[in-house]
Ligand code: G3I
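Only one chain comes next, encoded as structure tokens, the form predicted alone.
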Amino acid sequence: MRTNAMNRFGVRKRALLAGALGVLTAAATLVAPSPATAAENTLGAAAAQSGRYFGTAIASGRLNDSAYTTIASREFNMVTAENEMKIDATEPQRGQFNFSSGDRVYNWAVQNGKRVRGHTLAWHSQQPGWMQSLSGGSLRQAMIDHINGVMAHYKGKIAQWDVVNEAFADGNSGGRRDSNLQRTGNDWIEVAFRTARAADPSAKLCYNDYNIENWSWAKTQGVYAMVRDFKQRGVPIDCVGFQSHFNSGSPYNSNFRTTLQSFAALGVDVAITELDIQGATASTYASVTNDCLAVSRCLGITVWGVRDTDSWRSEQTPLLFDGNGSKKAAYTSVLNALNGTSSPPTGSGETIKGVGSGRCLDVPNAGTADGTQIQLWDCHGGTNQQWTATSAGELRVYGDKCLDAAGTGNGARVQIYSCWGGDNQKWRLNSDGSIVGVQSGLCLDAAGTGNGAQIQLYSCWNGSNQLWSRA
């Protein structure tokens, strides 16, 4: 703990950190970036502020549509070929590869300053007839040859490959899909990944699937168990793609963030790869975006199409632009979230990171007892680091515990306590990144930068140990 106001960080520099992320009012989430990086006016540029991308699926047949390409070129900084790099498109006859359509998408993307995701190398669907007729060892070898052929053509050019797509069954089994590839042996996914790593060591290798966003679903748990096993055994998997086709049959659930965090904790990156939302509900789009932003290993978001009329589910109007190419309310909600100016969905939590330390506000050992003093700890996104700003000015954790000041003077401990509405449990979240106790007028202050550093109240001076951002 400090013995005076000067001895922990040397001479206190009172200037704000130019790059520090700020926070919003008490009713909003801790997401506002500094004025120097705020208010980008395209999705790709706004996502790039946090080191992420915001991409779209591109169809080669629409590249002659100037309205389509104008939006795509302006807004997105990652491209996925919608169908042009799938098996039937790239190897229509065994051993005879055709990359004309895939190259058209790739070349357009590169010429417009965008990176490319590869989709997809091994899949039970969209197989050409010759592959559908194979089985057993012959099919296994055809899969290996296909991966080698496609990845050799694009070697060093693709940021991420969806190596295997949709290999798990729907429903409650949590098991593999019964496909011709699965019938070649349960190790086929592992073989695909090992083949892909050897073919292009520079590409991130992803497993991609749908209906694995809800943490409570058996399919999600089945994929999680596979990824955990792969990481434990050294199978080369780098990322997991969550297609995120949200609709009435598979609705968005607020535990999606838990899913992303849980997979990331296994040591893989995560990505939202084919996002579309029935009705394009603005709040749901914002929630999904904030979920990605809350997980440090979330690489970015790809929407599956540009305009509603380009969508494979056009009747659900699921995208960010309508058929005329006009921005919808969902577009604004996503852009605001990426720029750090949106409110979280009710009840969602955010991690709060110290600018000076890079560590998060943490309840030690995930304790729940009243009076447990808050500390700094490496950010991991667990429930003991998830804080929800309420309209009453509280910062809640676990739903019913409040960030609580145990006094009003310098050095007063900051702890968790059952929420009761007192002014010592209310906080002003200021645009400069400080968090000020309503009762005391003092700032939330970290008494160090390492794991276990205690959180207290102290006179506000705009030091980096008193500036906070969303992790």
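The first residue of the sequence shown is number 1, and the count goes up from there. Please read these numbers as outputs of a predicted model, since none were measured by experiment.
As for the form predicted together with the ligand, it is not shown, yet the points below apply to it.
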property	result
Sole residue of 83, 309, 390, 247 within 4.5 Å of the ligand in the predicted bound form, by heavy atom	83
Contacting member of 238, 75, 274, 200, with respect to the ligand in the predicted bound form [4.5 Å, heavy atom]	274
Exercise: residue 304 in contact with the ligand in the predicted bound form, heavy atom 4.5 Å	yes
Interface membership of residue 123, the ligand in the predicted bound form, 4.5 Å heavy atom rule	yes
Heavy atom of residue 119 within 4.5 Å of the ligand in the predicted bound form	yes
Contact label in the predicted bound form: residue 91 to the ligand, heavy atom within 4.5 Å	no
Interface stretch in the predicted bound form with the ligand - options 160 to 168, 314 to 322, 262 to 270, 373 to 381, non-hydrogen atom within 4.5 Å	160 to 168
